[in-house]
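Okay, so here's just one chain, in structure tokens, the form predicted on its own.
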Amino acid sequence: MVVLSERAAVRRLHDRLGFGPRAGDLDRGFAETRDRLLGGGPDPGAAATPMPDPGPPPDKPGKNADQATKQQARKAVQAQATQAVGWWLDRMVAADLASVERLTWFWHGHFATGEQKVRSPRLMLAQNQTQREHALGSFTDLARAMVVDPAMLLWLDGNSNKAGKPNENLSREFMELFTLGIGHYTEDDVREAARALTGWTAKRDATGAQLVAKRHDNGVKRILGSSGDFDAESFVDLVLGRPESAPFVVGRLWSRLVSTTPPPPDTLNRLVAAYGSRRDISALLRAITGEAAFHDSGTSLVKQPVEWLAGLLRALGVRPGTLDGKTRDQLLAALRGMGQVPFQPPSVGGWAAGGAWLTTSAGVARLHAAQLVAAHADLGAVSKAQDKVAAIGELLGVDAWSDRTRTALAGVAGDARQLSTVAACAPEYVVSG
């Protein structure tokens, strides 16, 4: 194992717990940086980027509505959705303590919910805020909130889940994808758990979920070997108390923040202990960053498109919210071309990881996005530097360029914007080493 230098380890902290370093971030030590990222505290940048309220979605046109009316309604919802995506990307860039947004992004992928079915940007933003509030807190609180979240209920057919006719979508995905993993429950558990979740409903034009008593099944359920009159909260507590749950949650965070190679048993045991009975996300992250694998230069991760773009915007000091409408639309189109748009996961399983982001088509979209960002960046310091290739590496937080990349960059060093574009698409930046 080759251990990262202190500076490279600080850069990795910003990559994995944030969206990459800004100018000056690498001058702090590892312990100080970790304390800042996990300690919370005021965030002027985030506070200056408040969440918009798009209002309720337009009324759904009736069955006899003409095509023009239906198209107008679709466009109105799409405009609200675009506003939500643009705001979150801007918030990722504006935040001074990017760890909160980064972990909110992680939980969005973990509890993947899609606007394409929810069709209420306001509810998607409400879920986003809930995940933000619990991003570094207790997984217990987060899971309890998510199981009755209005957007989640619409996404996984909670409105169809009622006493006498339970819908199993939410109960199945909650155990399989969110808390336990495949193989740790039975089909009987799914059916009985669905009964525990009956009665919770959500409306697209409302702001919260409602428990309708007459739709809730008050009978005794037998779930995971335990019997009782379980409801949503007690079901969550039962599932999270299973011995398989903590290793599953730890493993999900590990795979996205450290390595796609699962942690060895002794490491897993230490991390589960740090997570503890409070299911403390911040304590778990602190423990993860103290493991040898986090400091191993070989544990690289391909940046997801949103992480890559948010990091590039932060590094080059470009705020999406200050760009003209056309450029913002082009940036979002580039994200779509790379295969990832916030609030639009492909399925309840979330987004892919690793090499899935390195396709030829994604590379073309990434190049276009890098050109857009470079066109609006202040690259004066790079232009004036004696070693421009080193200067762009410093700006992007790249530890070192390979000989091959350095040669390619040297060939375009005379044009700072072209240099920035090529550097942003180089393996050393696309992959968090």
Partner chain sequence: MTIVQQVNRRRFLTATGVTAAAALAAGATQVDWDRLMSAAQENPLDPGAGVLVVVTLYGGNDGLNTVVPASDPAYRTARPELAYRPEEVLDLGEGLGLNPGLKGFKSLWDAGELAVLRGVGYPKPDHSHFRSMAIWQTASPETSVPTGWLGRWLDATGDDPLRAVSVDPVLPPLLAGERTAAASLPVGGLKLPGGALGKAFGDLGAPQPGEGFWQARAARSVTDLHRAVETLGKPAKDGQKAKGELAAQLDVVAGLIEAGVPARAYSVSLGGFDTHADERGTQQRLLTELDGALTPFAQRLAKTDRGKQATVLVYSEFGRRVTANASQGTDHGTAGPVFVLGSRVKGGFHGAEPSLTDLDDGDLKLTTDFRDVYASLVENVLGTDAGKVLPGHRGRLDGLFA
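Numbering follows the first chain given and starts at 1. Only a predicted model underlies this, so the values are computations on that prediction, with no experimental measurement involved.
Missing here is the form predicted together with its partner chain; even so, the following discussion is about that form.
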### Task
Name the stretch: of 255 to 263, 279 to 287, 75 to 83, 313 to 321, exactly one has residues whose heavy atoms fall within 4.5 Å of its partner chain in the predicted complex.
255 to 263
## Note on the structure
Exactly one of G109, G199, G337, P342 comes within 4.5 Å of its partner chain in the predicted complex through a heavy atom, and that residue is G337
### Query
Of the residues G137, G228, G241, G354, which one places a heavy atom within 4.5 Å of its partner chain in the predicted complex?
G354
### Query
With the cut-off set at 4.5 Å between non-hydrogen atoms, does R172 touch its partner chain in the predicted complex?
yes
### Query
Heavy atom to heavy atom, is K165 within 4.5 Å of its partner chain in the predicted complex?
yes
### Query
Is V302 close enough to its partner chain in the predicted complex to count, meaning some heavy atom within 4.5 Å?
yes
### Query
Applying a 4.5 Å heavy atom distance criterion, does R191 contact its partner chain in the predicted complex?
yes
### Members of 145 to 165 lying within 4.5 angstroms of its partner chain, judged by heavy atom, in the predicted complex
D157, S160, K165
